[in-house]
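What follows is one chain in structure tokens, specifically the form predicted on its own.
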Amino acid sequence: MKIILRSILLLFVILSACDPKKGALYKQRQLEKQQTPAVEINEDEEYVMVTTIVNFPMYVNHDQAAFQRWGRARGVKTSILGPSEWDVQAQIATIEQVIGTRPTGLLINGTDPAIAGAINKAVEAGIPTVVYDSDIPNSERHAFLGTDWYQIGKLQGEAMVELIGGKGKVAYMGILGMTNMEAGFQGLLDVLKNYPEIEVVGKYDDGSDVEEAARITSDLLSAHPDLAGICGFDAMSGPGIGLSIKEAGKAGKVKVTTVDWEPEHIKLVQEGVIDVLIGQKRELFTWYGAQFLFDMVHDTNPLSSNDDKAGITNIPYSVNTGLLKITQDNIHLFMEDHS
């Protein structure tokens, strides 16, 4: 009888040892999984941003600040390169130089369709490449993050209609010929065309220059003393429009909507010169753009046993990062330092 009991006990011990969820090896592996970082960072990982007008305050305060914060949060190197002027050829040259250094990932400000060739060289070299701000649809970039410019125009149009009560003379300005800005212009016009008592008196090219935007505004105020509103579409439109509106003593009388929310724009809203700002969520461009590169490099979310062979990437192809609207009602929320 004792022999039988000993045999049963031994069998129980053996079976317990064989249970994969009770064995020491299983427990050790579980502990190792808990201690192993989700992603192993290579100390040599370097993600490079290539833009143009590299010292442009809007880029520095939003795009570049978010990119650098992302790098610190992930424990990887980040570098920012590009010409100091709006020089597309110099940006192309910078991209091609960077390709030779074999960066871990390349984050490119989509400035002009002409940079498509350089983007394609980076992709062909096997470098994860993401475009932000304006898409370069004729390129082979892996992903794009940016704003729907048609929506920017639409929101400005809706705001202007409300500000002027659906009637009066309206003008608009920006950089003519740029794909994204022309889409914004169309969004504006598609709203205004529904209001027969609104007259569009002109479309103007300020060349993203404050002085030129101010000159155009001054001329408009002289030619149309009854001008009801002006819409601005580039970063310099608002400050230029505001300068002339203030000089003419028309603050609050001529309604103004424009894009971006730099300190000078915020100040003009506080002063009652600009009524509505439509802002891009630029921080999201580069934070998530960099994260997309990281996810490609680290194969964070594989979609197959071999995504390369399957001809797919494990990141979104295109992302609309959305917009924000700033008026005197909520401006205090955007005056805090988020750096």
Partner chain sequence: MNRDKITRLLQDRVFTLSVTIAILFIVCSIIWPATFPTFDNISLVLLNLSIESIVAVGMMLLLISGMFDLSVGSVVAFAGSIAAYLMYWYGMYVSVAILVGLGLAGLIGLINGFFVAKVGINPLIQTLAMMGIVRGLALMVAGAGIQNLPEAFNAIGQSKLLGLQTPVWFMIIVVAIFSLLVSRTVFFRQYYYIGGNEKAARLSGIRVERVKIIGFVLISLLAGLAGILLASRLGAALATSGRGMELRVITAVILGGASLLGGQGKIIGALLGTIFMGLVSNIMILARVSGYWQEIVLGLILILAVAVDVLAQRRAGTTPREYVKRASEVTPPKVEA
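Owing to the predicted nature of the structure, the values given are computational and were not obtained by experimental measurement. Numbering follows the first chain given and starts at 1.
Beyond the structure shown, there is the form predicted together with the partner chain, which is absent from this document and is the topic of what follows.
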For the partner chain, considered in the model of the complex: do all three of 81, 85 and 98 come within 4.5 Å of it, counting heavy atoms only? yes
Exercise: residue 92 in contact with the partner chain in the model of the complex, heavy atom 4.5 Å: yes
Is residue 296 part of the interface with the partner chain in the model of the complex - any heavy atom within 4.5 Å? no
Hey, in the model of the complex, does residue 240 get a heavy atom within 4.5 angstroms of the partner chain? no
Is there a heavy atom of residue 138 no more than 4.5 Å from a heavy atom of the partner chain in the model of the complex? yes
TL;DR on 43-51, 286-294, 301-309, 268-276: the one with heavy atoms within 4.5 Å of the partner chain in the model of the complex is 43-51
Check each of 248, 123, 210, 175 and return the one that places a heavy atom within 4.5 angstroms of the partner chain in the model of the complex. 175
Exactly one of 158, 112, 264, 199 comes within 4.5 Å of the partner chain in the model of the complex through a heavy atom, and that residue is 112
Contact check, 242-274 vs the partner chain in the model of the complex, heavy atom within 4.5 Å, ordered by sequence, gives none
